[in-house]
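Form predicted alone, single chain, as C-alpha coordinates, below.
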(Lines give C-alpha, C1' and ligand atoms only; values in the text may rest on other atoms or scores of the structure.)
Protein backbone atom coordinates (compact mmCIF):
# COMPACT_ATOMS: atom_id res chain seq x y z
CA UNK A 1 0.00 0.00 0.00
CA UNK A 2 1.10 3.57 -0.63
CA UNK A 3 2.37 5.43 2.40
CA UNK A 4 0.02 8.21 3.39
CA UNK A 5 1.13 11.13 5.53
CA UNK A 6 -1.39 12.61 7.93
CA UNK A 7 -0.14 15.86 9.38
CA UNK A 8 3.15 17.38 10.40
CA UNK A 9 2.53 17.18 14.17
CA UNK A 10 1.60 13.50 13.90
CA UNK A 11 4.76 12.55 11.99
CA UNK A 12 7.50 12.21 14.60
CA UNK A 13 10.07 10.37 12.52
CA UNK A 14 13.02 12.15 14.07
CA UNK A 15 11.76 12.25 17.66
CA UNK A 16 14.47 11.16 20.14
CA UNK A 17 16.68 10.16 17.23
CA UNK A 18 14.80 6.90 16.69
CA UNK A 19 13.73 6.05 13.10
CA UNK A 20 10.09 5.28 12.57
CA UNK A 21 9.50 1.54 12.13
CA UNK A 22 7.70 0.95 8.85
CA UNK A 23 6.64 -2.52 9.95
CA UNK A 24 5.09 -1.20 13.16
CA UNK A 25 3.48 1.71 11.29
CA UNK A 26 1.79 -0.59 8.80
CA UNK A 27 0.74 -3.01 11.53
CA UNK A 28 -0.90 -0.18 13.48
CA UNK A 29 -2.66 1.24 10.42
CA UNK A 30 -3.89 -2.20 9.35
CA UNK A 31 -5.14 -2.98 12.85
CA UNK A 32 -6.87 0.38 13.11
CA UNK A 33 -8.49 0.03 9.68
CA UNK A 34 -9.74 -3.49 10.43
CA UNK A 35 -11.20 -2.49 13.79
CA UNK A 36 -12.72 0.72 12.45
CA UNK A 37 -14.38 -0.96 9.49
CA UNK A 38 -15.65 -3.83 11.64
CA UNK A 39 -16.93 -1.79 14.57
CA UNK A 40 -17.37 1.81 13.40
CA UNK A 41 -15.43 4.93 14.33
CA UNK A 42 -16.74 5.54 17.83
CA UNK A 43 -16.15 2.02 19.13
CA UNK A 44 -12.40 1.56 18.64
CA UNK A 45 -9.97 2.16 21.49
CA UNK A 46 -6.22 2.69 21.33
CA UNK A 47 -5.87 -0.35 23.60
CA UNK A 48 -7.64 -2.53 21.04
CA UNK A 49 -5.46 -1.22 18.20
CA UNK A 50 -2.28 -1.77 20.23
CA UNK A 51 -3.33 -5.31 21.12
CA UNK A 52 -4.11 -6.27 17.53
CA UNK A 53 -0.98 -4.62 16.12
CA UNK A 54 1.27 -6.15 18.75
CA UNK A 55 2.69 -2.81 19.91
CA UNK A 56 2.41 -0.71 23.06
CA UNK A 57 -0.14 2.06 23.36
CA UNK A 58 2.76 4.44 24.00
CA UNK A 59 4.13 3.56 20.55
CA UNK A 60 0.85 4.58 18.93
CA UNK A 61 0.68 7.87 20.84
CA UNK A 62 4.27 8.62 19.89
CA UNK A 63 3.12 8.83 16.24
CA UNK A 64 -0.56 9.81 16.48
CA UNK A 65 -1.79 12.30 19.09
CA UNK A 66 -5.38 11.07 19.14
CA UNK A 67 -7.65 8.21 18.14
CA UNK A 68 -9.29 10.39 15.50
CA UNK A 69 -6.02 11.24 13.77
CA UNK A 70 -5.06 7.57 13.74
CA UNK A 71 -8.50 6.73 12.32
CA UNK A 72 -8.05 9.28 9.53
CA UNK A 73 -4.59 7.98 8.64
CA UNK A 74 -5.80 4.37 8.70
CA UNK A 75 -8.74 5.23 6.45
CA UNK A 76 -6.45 6.99 3.98
CA UNK A 77 -4.06 4.04 3.96
CA UNK A 78 -6.95 1.65 3.28
CA UNK A 79 -8.33 3.80 0.47
CA UNK A 80 -4.90 4.25 -1.14
CA UNK A 81 -4.86 0.55 -2.05
CA UNK A 82 -7.41 1.19 -4.81
CA UNK A 83 -6.71 1.82 -8.48
CA UNK A 84 -5.58 5.32 -9.54
CA UNK A 85 -8.10 7.54 -11.38
CA UNK A 86 -8.48 6.83 -15.11
CA UNK A 87 -8.81 9.21 -18.05
CA UNK A 88 -11.63 7.52 -19.96
CA UNK A 89 -11.88 10.21 -22.64
CA UNK A 90 -15.33 11.46 -21.58
CA UNK A 91 -16.52 13.37 -18.53
CA UNK A 92 -19.27 10.85 -17.81
CA UNK A 93 -16.80 7.97 -17.94
CA UNK A 94 -14.33 9.82 -15.73
CA UNK A 95 -16.96 10.70 -13.14
CA UNK A 96 -18.30 7.15 -12.97
CA UNK A 97 -14.76 5.77 -12.69
CA UNK A 98 -14.25 8.03 -9.68
CA UNK A 99 -17.63 7.76 -7.99
CA UNK A 100 -18.45 4.07 -8.34
CA UNK A 101 -15.40 2.75 -6.43
CA UNK A 102 -15.99 5.32 -3.70
CA UNK A 103 -19.64 4.30 -3.41
CA UNK A 104 -18.60 0.64 -3.19
CA UNK A 105 -16.11 1.49 -0.44
CA UNK A 106 -18.82 3.39 1.43
CA UNK A 107 -21.08 0.31 1.35
CA UNK A 108 -18.43 -2.02 2.72
CA UNK A 109 -18.39 -2.89 6.40
CA UNK A 110 -18.72 0.19 8.63
CA UNK A 111 -17.20 2.79 6.27
CA UNK A 112 -20.18 5.12 6.59
CA UNK A 113 -20.05 5.07 10.39
CA UNK A 114 -16.32 5.84 10.31
CA UNK A 115 -16.91 8.83 8.02
CA UNK A 116 -19.74 10.04 10.25
CA UNK A 117 -17.49 9.82 13.32
CA UNK A 118 -14.72 11.77 11.59
CA UNK A 119 -17.15 14.47 10.46
CA UNK A 120 -18.51 14.75 14.01
CA UNK A 121 -14.99 15.15 15.41
CA UNK A 122 -14.20 17.81 12.80
CA UNK A 123 -17.09 19.91 14.14
CA UNK A 124 -15.50 20.24 17.57
CA UNK A 125 -11.75 20.11 16.84
CA UNK A 126 -10.51 22.80 14.43
CA UNK A 127 -7.07 21.22 14.12
CA UNK A 128 -8.51 17.86 13.20
CA UNK A 129 -11.00 19.56 10.86
CA UNK A 130 -8.09 21.07 8.92
CA UNK A 131 -6.41 17.66 8.64
CA UNK A 132 -9.67 16.03 7.56
CA UNK A 133 -10.29 18.60 4.84
CA UNK A 134 -6.70 18.60 3.59
CA UNK A 135 -6.04 14.87 3.60
CA UNK A 136 -9.48 13.37 2.96
CA UNK A 137 -11.84 15.89 1.35
CA UNK A 138 -9.30 17.55 -0.93
CA UNK A 139 -7.80 14.21 -1.99
CA UNK A 140 -11.27 13.03 -3.03
CA UNK A 141 -12.00 16.25 -4.92
CA UNK A 142 -8.71 16.75 -6.80
CA UNK A 143 -9.18 13.89 -9.31
CA UNK A 144 -12.71 15.07 -10.09
CA UNK A 145 -11.51 18.65 -10.52
CA UNK A 146 -8.99 17.32 -13.04
CA UNK A 147 -11.74 15.39 -14.86
CA UNK A 148 -13.81 18.55 -15.27
CA UNK A 149 -10.74 20.51 -16.40
CA UNK A 150 -10.10 17.90 -19.13
CA UNK A 151 -13.75 18.12 -20.18
CA UNK A 152 -13.47 21.89 -20.50
CA UNK A 153 -10.33 21.51 -22.60
CA UNK A 154 -12.20 19.11 -24.91
CA UNK A 155 -15.11 21.54 -25.21
CA UNK A 156 -17.38 18.96 -23.62
CA UNK A 157 -18.74 21.40 -21.00
CA UNK A 158 -18.80 25.23 -20.84
CA UNK A 159 -15.55 26.92 -19.88
CA UNK A 160 -17.32 29.05 -17.26
CA UNK A 161 -18.74 26.02 -15.44
CA UNK A 162 -18.42 26.36 -11.65
CA UNK A 163 -16.49 23.14 -11.01
CA UNK A 164 -16.65 23.43 -7.22
CA UNK A 165 -20.45 23.55 -7.26
CA UNK A 166 -20.56 20.59 -9.63
CA UNK A 167 -18.36 18.60 -7.25
CA UNK A 168 -20.57 19.53 -4.31
CA UNK A 169 -23.62 18.25 -6.20
CA UNK A 170 -21.97 14.87 -6.78
CA UNK A 171 -20.36 14.33 -3.39
CA UNK A 172 -23.18 16.05 -1.52
CA UNK A 173 -25.68 13.49 -2.80
CA UNK A 174 -23.42 10.62 -1.79
CA UNK A 175 -22.68 12.02 1.66
CA UNK A 176 -26.40 12.61 2.21
CA UNK A 177 -27.13 8.93 1.77
CA UNK A 178 -24.10 7.88 3.81
CA UNK A 179 -25.07 10.04 6.76
CA UNK A 180 -28.87 9.87 6.63
CA UNK A 181 -29.24 6.25 5.57
CA UNK A 182 -32.69 6.97 4.17
CA UNK A 183 -32.05 5.07 0.92
CA UNK A 184 -29.47 2.56 -0.34
CA UNK A 185 -26.14 3.74 -1.72
CA UNK A 186 -25.84 1.80 -4.98
CA UNK A 187 -23.99 1.89 -8.28
CA UNK A 188 -27.28 2.81 -9.96
CA UNK A 189 -27.67 5.79 -7.63
CA UNK A 190 -24.12 6.93 -8.46
CA UNK A 191 -24.94 6.72 -12.17
CA UNK A 192 -28.19 8.64 -11.69
CA UNK A 193 -26.37 11.43 -9.83
CA UNK A 194 -23.76 11.74 -12.58
CA UNK A 195 -26.34 11.68 -15.37
CA UNK A 196 -28.61 14.26 -13.72
CA UNK A 197 -25.65 16.55 -13.18
CA UNK A 198 -24.47 16.25 -16.78
CA UNK A 199 -27.99 16.69 -18.14
CA UNK A 200 -28.31 19.89 -16.13
CA UNK A 201 -24.96 21.20 -17.38
CA UNK A 202 -25.74 20.40 -21.01
CA UNK A 203 -29.29 21.76 -20.76
CA UNK A 204 -27.85 25.00 -19.38
CA UNK A 205 -25.43 25.17 -22.29
CA UNK A 206 -28.18 24.51 -24.88
CA UNK A 207 -30.47 27.09 -23.25
CA UNK A 208 -27.74 29.69 -23.53
CA UNK A 209 -27.42 28.92 -27.23
CA UNK A 210 -31.10 29.54 -27.96
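Positions refer to the first chain, counted from 1. Quantities reported herein were computed from a predicted structural model and do not represent experimental measurements.
Below: the form predicted together with a further copy of the same chain, not depicted.
Checklist entry - If contact means any heavy atom within 4.5 Å, which of 51-59, 175-183, 30-38, 65-73 contacts a further copy of the same chain in the predicted complex? => result In the other structure, the partner sits against 175-183.
Next on the checklist: Would you classify residue 149 as touching a further copy of the same chain in the predicted complex, given a 4.5 Å non-hydrogen atom cut-off?
Outcome noted: Because no heavy atom of residue 149 falls inside 4.5 Å of a further copy of the same chain in the predicted complex, the answer is no.
Checklist entry - Does at least one non-hydrogen atom of residue 24 fall within 4.5 angstroms of a further copy of the same chain in the predicted complex? => result Outside the cut-off, so no.
Checklist entry - Using heavy atoms and a 4.5 Å limit, would one call residue 158 a contact residue for a further copy of the same chain in the predicted complex? => result Result yes; residue 158 sits at the interface with a further copy of the same chain in the predicted complex.
Checklist entry - Looking at the partner-bound form in the predicted complex, is residue 132 within 4.5 Å of a further copy of the same chain by any heavy atom? => result Yes, residue 132 is a contact residue.
Next on the checklist: So a further copy of the same chain isn't shown here. In the predicted complex, which residue out of 153, 164, 47, 142 has a non-hydrogen atom within 4.5 Å of it?
Outcome noted: Checked against the cut-off, the match is 164.
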